[in-house]
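A single chain, nothing else alongside it, follows as structure tokens in the form predicted alone.
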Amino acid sequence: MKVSVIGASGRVGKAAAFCLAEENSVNNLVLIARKESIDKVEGEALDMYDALAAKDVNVKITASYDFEDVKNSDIVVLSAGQPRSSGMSRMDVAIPNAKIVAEYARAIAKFSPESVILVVTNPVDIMTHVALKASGFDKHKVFGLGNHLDSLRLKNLISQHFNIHVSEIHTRVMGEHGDNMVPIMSSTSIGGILLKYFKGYDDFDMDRTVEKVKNAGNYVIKKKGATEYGPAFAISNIAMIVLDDEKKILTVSALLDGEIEGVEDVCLGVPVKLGIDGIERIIPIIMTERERKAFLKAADEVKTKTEEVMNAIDL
């Protein structure tokens, strides 16, 4: 399988590339960067080769600024864009990143029209919409990292609180990857037991935990300047589920067409079944009234922001 990473000179892009290089299903990895960053990306490729040799992993890694090298990719990871600095919101980088994402999405459509596009650039729900419209791809072929990372963060915090192995925690965050994320606590379970019936639930501060998830990215950026490992492994996780045709359900940013609560024409984090062709179907979910209202609020706000950005870049 061939995977291309656009924005491979960035911290998330290079970390995601290394995670992908370790996977057995990937035998051809292309690292795309701007011409002025190519030396850095070539250095990253050489460094990766040394590390992979220690693990007996054999993969072809190409560092390039020539977009023709993306040709025939199975998945293109689109992580190019202006990163957030401490104190910045995802919307602060929306318009400049939308211009970048639109340009690259058109190039992907030209050179790799059969590929699946995984959008990572923030604000990811809006950028997913931009990539979808600019590429002209079918909606099942373009989706964003979305709330998959938020879901992993929530899963980790619940695991720590209850001192239960993280694999036993089943939870989901939907809506916006941002302030309007919606943790679906009503169906969260530990070892098949609904959270509200699990021993120790009375001591679990749900509101504080949700607030930690909402601010997780900012906490990391404030401490070390950028998020890297969490997004990188989440990206690799999604990519491998697609490449290996695993049919798993993850929460990614996808264009809705009435499948959940009648919401249309906006990209939001929702449960989807993923396979080799991308999104096989969006999974409807039953929410509490509180969760439903929060999800509809997220839909309205993201749709309004998306329209502003699309108008600003004339797309």
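All values derive from a computational prediction rather than experimental measurement. Each residue number is its position in the shown sequence, starting from 1.
Here the subject shifts to the form predicted together with a small molecule, a form of this protein not shown in this document.
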Item checked: Interface residue in the predicted bound form among 180, 227, 236, 73, criterion: non-hydrogen atom within 4.5 angstroms of the small molecule -> 227
Item checked: Check all three, 175, 250 and 271, heavy atom within 4.5 Å of the small molecule in the predicted bound form -> no
Next item on the list: Name the stretch: of 75-83, 236-244, 204-212, 165-173, exactly one has residues whose heavy atoms fall within 4.5 Å of the small molecule in the predicted bound form.
Entry: 75-83
Item checked: Close approach of residue 297 to the small molecule in the predicted bound form, 4.5 Å, heavy atom -> no
Next item on the list: May I ask you to state whether residue 190 is within 4.5 Å of the small molecule in the predicted bound form, using heavy atom distances?
Entry: no
Next item on the list: Indicate whether the small molecule has at least one heavy atom within 4.5 Å of a heavy atom of residue 151 in the predicted bound form.
Entry: no
Check: Does any heavy atom of residue 12 come within 4.5 Å of a heavy atom of the small molecule in the predicted bound form?
Finding: yes
